[in-house]
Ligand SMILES: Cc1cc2nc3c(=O)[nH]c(=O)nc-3n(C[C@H](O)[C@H](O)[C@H](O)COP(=O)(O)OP(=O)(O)OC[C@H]3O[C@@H](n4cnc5c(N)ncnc54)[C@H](O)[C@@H]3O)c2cc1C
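Okay, here we've got a single chain as structure tokens, the form predicted alone, with questions on binding and movement later.
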């Protein structure tokens, strides 16, 4: 009855409420059992009311962006999951692009192009949301989101706060965001000719298409580099691990840094594959690999 009471109050904020929703429907790798309930706020106001209700109830919850860097247990979660996908508003003032955290990173790049702003081209095609990009300090081709980040607005469990990139200690695929919930991000970009911006965007998108399994069910790069000059994809390829399978999960044959679901892969398959690859790398190179994909269990 307590859970039902909370869900009724959240529903009355205008949020969509889906009890026992399978998270496999919401992750790019198509894996994940049911959450206690999936909650999809329709805006920042309903998000904040939802978060305050959950905080006051002492119910545990997790934040999901677009589910593109996420591996969820098939057993499901005894948590509420708040999905940010409908927080897609934005505004542009001069060279500052301010966006709600649920907007896709790809759309953010396209907005910059429309306004003749440069600085996000290398990130074009990275799946996920603006908030997720900050949380993981997403990057590619020598550019990270921290390079253009002006400030971040977050809910800390009690109130809103605005922090600079330095406050978040953004590192290689990491940050100190922690349990705080990102609601808005501000990016400082630079004026440029839209044709040049678009040309660069298309070049980086073409590189992704050529080298990455963009059409497969994947959660993106599986492992973080253990040190700057240690590249996961080329290392696993040299070890003959392209196409290596456990159950329905395998190392991509197109890029060995990616884990893909062949259609019937499970969470257990994925974690066993991760364990096996870690053992091989530890034996061959003495390196302990850390997952870049976030695991919920």
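Just so it is clear, the model here is predicted, and its values are computed rather than measured. Positions refer to the first chain, counted from 1.
Missing here is the form predicted together with the named molecule; even so, the following discussion is about that form.
In the predicted complex, no heavy atom of residue 40 sits within 4.5 Å of the named molecule.
Proximity of residue 208 to the named molecule in the predicted complex falls within the 4.5 Å heavy atom cutoff. Contact annotation: residue 224 falls outside 4.5 Å of the named molecule in the predicted complex, judged by heavy atom distances. In the predicted complex, residue 291 stays away from the named molecule, with no heavy atom inside 4.5 Å. Of the candidate stretches 130-138, 89-97, 159-167, 186-194, only 130-138 has residues with heavy atoms within 4.5 Å of the named molecule in the predicted complex. Residue in contact with the named molecule in the predicted complex (any heavy atom within 4.5 Å), chosen from 270, 236, 70, 53: 70. Interface residue among 201, 84, 108, 117, judged by heavy atoms within 4.5 Å of the named molecule in the predicted complex: 84. Residues from 156-181 that approach the named molecule in the predicted complex with a non-hydrogen atom closer than or equal to 4.5 Å are 173, 177, 180, 181, in the order they occur in the chain.
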